[in-house]
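Given next, in structure tokens, is a single chain: the form predicted on its own.
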Amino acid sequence: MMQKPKKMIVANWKMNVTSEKDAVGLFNSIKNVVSKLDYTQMICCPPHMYVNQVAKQANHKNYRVGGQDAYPEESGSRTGETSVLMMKNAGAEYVILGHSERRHLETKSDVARKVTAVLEHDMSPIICIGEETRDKNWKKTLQQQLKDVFNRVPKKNPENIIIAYEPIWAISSDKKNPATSTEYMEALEVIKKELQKIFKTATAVSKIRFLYGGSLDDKNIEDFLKNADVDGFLVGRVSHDPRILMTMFRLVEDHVHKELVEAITK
């Protein structure tokens, strides 16, 4: 039996780690556990200035490093920016793009240019999409966000593309209001249908990985594991809490192992 790709947990630390010592210490407190996992991979996304230091500790296939954003040009007069090439040279293999906390700072064209640049530098974009509310137009919102990105991006290497469904209504900082697995699956159906129109082949879409993110923690991850077709999770609020992350890894491992055992014994 061919083994599925490992489930992915993307730990987006945001601005919650404020020194090199803390960044390296946090990563090292997690990596020994992660290195022993059979079915789960962690992508750690620290603040830009700690990517290189954390990447130096990433010496196992189960844990890799990503950036929280990147500017699409390699170099130039862009005060305060961190380019895709800088991010790659620092050791990042993934880049989070289009996160709702950044979308008000950039245009849809900016996001598309970043996705293109990340792919051209043989890195994987983690493209965040999500509606503000579940109103009558929420499906059109997702469709348009996908069109805005992929109508401007070369249709190649879909296996390097990761789509993170992060509904904005589920990631409010003042409340924990996650989507349910049912709501995720409804969105996934919309996303896959639109991507098939864009890529013009179901084979390409089958190579793209799909994540859920939004007020996710060790209390609600099981709903998605049991009831959703999900390749992994984008974790923000609890991403810098080793205790909660360890629990989430264990829940993923236990679930995948149970699935494999059941498949073999059928």
Ligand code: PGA
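Quick note: we count residues from 1 along the sequence shown, nothing fancier. Just so we're clear, the structure is a prediction, and the values are computed from it rather than from any experiment.
Below, we turn to the form predicted together with the named molecule, even though it does not appear here.
Residue-level contacts in the predicted complex: of Val235, Leu26, Ile43, Val51, one residue has a heavy atom within 4.5 Å of the named molecule, and it is Val235. Using a 4.5 angstroms threshold between heavy atoms, Ser215 counts as touching the named molecule in the predicted complex.
In the predicted complex, the named molecule sits beyond 4.5 Å of every heavy atom of Lys114. Shown alone here, His255 lies farther than 4.5 Å from the named molecule in the predicted complex, counting heavy atoms only.
Shown alone here, Ala179 lies farther than 4.5 Å from the named molecule in the predicted complex, counting heavy atoms only. Heavy atoms within 4.5 Å of the named molecule in the predicted complex belong, among the stretches 146-154, 99-107, 187-195, 85-93, to residues of 99-107. Of all the residues from 157-171, those having a non-hydrogen atom no more than 4.5 Å from the named molecule in the predicted complex are Glu166, Ala170, Ile171.
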